[in-house]
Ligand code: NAD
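Take a look at this single chain in structure tokens; it is the form predicted alone.
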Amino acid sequence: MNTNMLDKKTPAATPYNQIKAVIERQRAYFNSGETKPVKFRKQKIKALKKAMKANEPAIIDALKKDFRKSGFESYVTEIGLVYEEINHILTHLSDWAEPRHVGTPLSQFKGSSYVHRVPFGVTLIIGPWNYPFQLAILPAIGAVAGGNTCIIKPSELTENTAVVLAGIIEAVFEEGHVAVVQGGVETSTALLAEKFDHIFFTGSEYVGKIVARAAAEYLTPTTLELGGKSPCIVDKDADQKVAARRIVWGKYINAGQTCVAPDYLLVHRDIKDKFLPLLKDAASTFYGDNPKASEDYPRIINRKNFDRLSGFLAEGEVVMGGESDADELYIAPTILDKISWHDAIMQEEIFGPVLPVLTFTDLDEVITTLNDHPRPLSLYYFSGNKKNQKRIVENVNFGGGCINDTLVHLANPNLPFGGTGNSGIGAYHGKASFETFTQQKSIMKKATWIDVPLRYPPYSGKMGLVKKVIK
């Protein structure tokens, strides 16, 4: 594939009869055993990286057309993260795939026990639009590393990226191994009506429930990577200048269209008046006095989301930003003060470049309030107090997060990434991806040179001996 693929028309939806045929081919390919040797899995993952390297300009250009993303942001958030994941998996996959020996109780003498991780079979990955390359490819790598076949359904909202993604996959994999199925809601519905061995979905809580209901028809295991309102807490002892830069970066990257973006700010009342100007200074440094002209500031994905976000701009008091342009799908990096928990902006995940500010004075009150709300995908706490850091981590329910930073926890393949409750089920990245796409098969191997008669009837007179062995 080369960059001229970007000149193709919007990918047509895959017809229903073709969907069924792809699934049948993948079932046959998996049953052939071709995907199971670890050497084969690693070869394919290496080939995927090679194809990505060859098509970096095409990926970056597609993301520019879909979002007006800068090349730097596209490389870091969509390409570089995938390279990190591939490198990590290639380094460790052989070890992960080895049977893991575990202890065996004396009552099972003479025996040995081990856990063998085996692939599920035919898997489905439904990708989102906000990071349309990375969030489709990363779980697919996990599926391949686990020895599965895989169907990827990319978002129809990012059509340019979907074309490039499909081209790369077609260049590396046989259709029976990994295939891309194009289309919108109707295509997703048709896919979910079929039987898969594992389903991986990234998107909203609302659609996640639809996926879970469809999977329940076949008792198909699912991984749901959802979202939620991820809080960002700035305590009075935080390094305010560093906190401001890292919060502005984490909030406004991809124009706020990030599932782990700081959704709202909880800043200690004692420092709020000093801290908000630092946020404005950081935003001005990053994007200039006119972010609309910045080459580093993306756009909103479509008019529907633009209109939804624009509705929030009338709430509270605008401290920074507030400008918008419907023709360009532009909403400025915005901070809203004088917001309460009852405002509309606090009732749903924002998923855009609008940051509401609330204040607090007591950390225990913050912990109680956060636990009274649905569990978020991420949480960020800025403080130099190790005791308070521990209090937040141990006492607030959330998927994952950072102390004194934002977003970067998902860049470490050693850390499982996933939500809890409303924000998701299951985790992936690194070893967690391999485990997500494999089943634990538990095996006990017994010797035949000895066959202890204690377990066999008749049982009369054996209770005392059993109690000596099992106690």
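Small disclaimer: the values here were computed from a predicted structure and weren't measured. In case it trips you up, residue 1 is the first one in the sequence shown, and so on.
Unshown form predicted in complex with this ligand; subsequent notes refer to it.
- The contact residue chosen from 250, 203, 321, 121 relative to this ligand in the model of the complex is 203, the criterion being a non-hydrogen atom within 4.5 angstroms.
- For the residues 188, 77, 222, 160, the 4.5 Å heavy atom test against this ligand in the model of the complex is passed only by 188.
- Contact with this ligand in the model of the complex, defined as a heavy atom within 4.5 Å, is made by none of 239, 287 and 407.
- Heavy atoms within 4.5 Å of this ligand in the model of the complex are found in exactly one of 395 to 403, 239 to 247, 347 to 355, 107 to 115, that being 347 to 355.
- In the model of the complex, this ligand lies farther than 4.5 Å from every heavy atom of residue 176.
- Within 4.5 Å of any heavy atom of this ligand in the model of the complex lies no heavy atom of residue 234.
- Taking the partner from the other structure, this ligand in the model of the complex has no heavy atom within 4.5 Å of any heavy atom of residue 437.
- By the criterion of a heavy atom within 4.5 Å, residue 197 is excluded from the residues contacting this ligand in the model of the complex.
- Contacts to this ligand in the model of the complex (heavy atom within 4.5 Å) from stretch 148 to 173: 153, 154, 155, 156.
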